[in-house]
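Have a look below at one chain only, the form predicted alone, in structure tokens format.
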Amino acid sequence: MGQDRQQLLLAKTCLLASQILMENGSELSRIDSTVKYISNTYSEGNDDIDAYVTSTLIIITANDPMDTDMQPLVLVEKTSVKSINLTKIDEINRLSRAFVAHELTLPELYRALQQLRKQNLLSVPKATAGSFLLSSTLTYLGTQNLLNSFLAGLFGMMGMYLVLRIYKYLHRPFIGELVVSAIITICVRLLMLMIPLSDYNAIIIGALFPLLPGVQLTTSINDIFDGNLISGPQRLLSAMILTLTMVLGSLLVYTIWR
């Protein structure tokens, strides 16, 4: 019975680690590697823990190699990519390394993963400050104009803050990006009534640049190249829809403004 409980705890730990990685935008190869690291550290050469992961479902199967009569343990959990949070992915790597180095026991790893999943490691001030730097730098490189660069940074910072707040309350993808792209376009067009702006399109593009799904696009390509032909195309389609949503928000303002 004790061995069965340990096997169950191992399977639940692998499932929880997979959930956190998937929810925060990890590629599937990293999830598979993490499961293998944890299971092989628990019992060297343990190939009896398997993970099947898609962008919407995680299945963990566990067998006891010493008990051929035992039915396989199967854990199934629905999941989805809730956000791109590289901080949590890095923390999973740190915890798994600590477990491999025998600095954490299996129960301690499981409790640490439970706490990590509940934590909100996204810093809104850092995200908005980073958006200002990214938007302003890219706009300056494109226009060589300090005013355009500064305005793009301000609108980029505002856009990131609004997207994070909208998602916090609605928990729906695409809506925040659609609304924010429209708001930024309206703000730039209103500002043009007071200040003659050159390259105002560059300001809008620069402000929206931090919201583009670059990490999601890269992850989808990695999944496709790794042969994950379910998750990869799903993520690629999601990234394309998100980009088109932002374009649609700006186009709606341009159409109505005329």
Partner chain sequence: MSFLHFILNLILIFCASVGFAMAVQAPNRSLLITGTIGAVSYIPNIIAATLADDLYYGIVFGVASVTTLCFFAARMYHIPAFILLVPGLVPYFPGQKMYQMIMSLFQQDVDQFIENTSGFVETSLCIYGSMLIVNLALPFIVSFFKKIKQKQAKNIAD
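Numbering follows the first chain given and starts at 1. If you're wondering where the values come from, they're calculated on a predicted model, not measured in any experiment.
Keep in mind that the form predicted in complex with the partner chain is not shown, yet the notes after this line are about it.
Contact check for Tyr254: a non-hydrogen atom falls within 4.5 Å of the partner chain in the predicted bound form. Looking at Ser26, you'd find a heavy atom of it within 4.5 angstroms of the partner chain in the predicted bound form.
By the criterion of a heavy atom within 4.5 Å, Leu141 is counted among the residues contacting the partner chain in the predicted bound form.
Looking at Leu9, you'd find every heavy atom of it more than 4.5 angstroms from the partner chain in the predicted bound form. The three residues Asn222, Ala239 and Val247 all sit with a heavy atom within 4.5 Å of the partner chain in the predicted bound form. Only one of Lys78, Arg165, Arg97, Arg172 comes within 4.5 Å of the partner chain in the predicted bound form through a heavy atom, and that residue is Arg97. Between the options Thr41, Ser33, Thr54, Thr218, the residue in contact with the partner chain in the predicted bound form by a heavy atom within 4.5 angstroms is Thr218. Contacts of stretch 151-189 with the partner chain in the predicted bound form, defined by any heavy atom lying within 4.5 Å, are made by Met160 alone.
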